[in-house]
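Before any questions on binding or motion, here is one chain by itself as structure tokens, the form predicted alone.
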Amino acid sequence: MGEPAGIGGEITVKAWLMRHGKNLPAFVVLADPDRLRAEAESLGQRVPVQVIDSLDQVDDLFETALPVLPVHTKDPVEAGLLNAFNAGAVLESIQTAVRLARDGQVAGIVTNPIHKGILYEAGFKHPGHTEYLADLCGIDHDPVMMLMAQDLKVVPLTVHIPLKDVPQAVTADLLHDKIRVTVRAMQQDFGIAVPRVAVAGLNPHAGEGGSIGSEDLDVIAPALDELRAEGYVIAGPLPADTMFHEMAREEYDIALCMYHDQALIPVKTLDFHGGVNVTLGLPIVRTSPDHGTALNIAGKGVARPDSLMAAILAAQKIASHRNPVT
């Protein structure tokens, strides 16, 4: 479902309408069916929204109707207007999706964007979507956020923290943990037997031998040497400003960056509308559009479904690697 006042419903309806052009696999929506009908009506589109009570119905229905497992909002939804009374439905949809995935009833889940602020008002205790999914899956390690677009896959080492706090957060333990999880996921989810990892430096020119900051020389390089000694294929620390042009991207399978914008700017520049957020290290497949709730354009009919459709296709690809047809 995602945030019901955002663009999640609109892009879901549009994705179903464009299912043939993008060759999307059959999917079921966990949302309020009345809200989806209203979204379709506002777009002037005829979208048969079909409530189902069994996932066995999805494949037969998907060609002619949008299958929905109902998750009803408590209050009526007004586009662009947040309502804490509907936060429970948002969380219920996530909980149900995770349960279905863990039970093997669906190949994976694709989460529409949530609004953490309104969830916090309703008592949400987790830092974000990813941490909540990890808790629901019962894992005892931190999952890893990966962004992908076209031929680029990027993991930020640190995520939503102030830039001034990044140098202290860059530690050998964090580098070891994230690279290990990332490499396992590249093997399991993308079928890359020996993943090549490119690691960006923290400072300009990767510190230039310590003359522009000491972290690259004193922290990052030794941590990477330890991983290389274990057999990991790693390049770096590398100057971040030369890592993302077309020829450079041919030299690695995934890049690890030191902070949020260092990772996300190249992805969004390469394919702003088609980026995908993938959670690595979960026992289930989870992807998401690489954008937010877009409350400012909700209800206007202008939201693009590109990222959602890319996320659906990415989930299908990852699931096929985890469970190959024999």
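Start at 1 and count along the sequence shown; that's the residue number. All values derive from a computational prediction rather than experimental measurement.
Keep in mind the form predicted in complex with another copy of the chain is missing from the figure; the text below concerns it.
Per the 4.5 Å heavy atom criterion, another copy of the chain in the model of the complex is contacted by stretch 238-246, the sole one of 238-246, 71-79, 92-100, 176-184. Exactly one listed residue, out of Gly213, Gly191, Gly88, Gly128, brings a non-hydrogen atom to within 4.5 Å of another copy of the chain in the model of the complex: Gly213.
Taking non-hydrogen atoms only, Arg37 never approaches another copy of the chain to within 4.5 angstroms in the model of the complex.
At a distance threshold of 4.5 angstroms between non-hydrogen atoms, Leu163 is in contact with another copy of the chain in the model of the complex.
Although the partner is absent here, Pro266 lies within 4.5 Å of another copy of the chain in the model of the complex, judged by heavy atoms. Within this chain, Asn83 is remote from the site of another copy of the chain in the model of the complex, having no heavy atom within 4.5 Å. Residues His260, Asp261, Gln262, Leu264, Ile265, Pro266, Lys268, Thr269, Leu270, Phe272, His273 are the ones in 260-289 with at least one heavy atom within 4.5 Å of another copy of the chain in the model of the complex, listed in sequence order.
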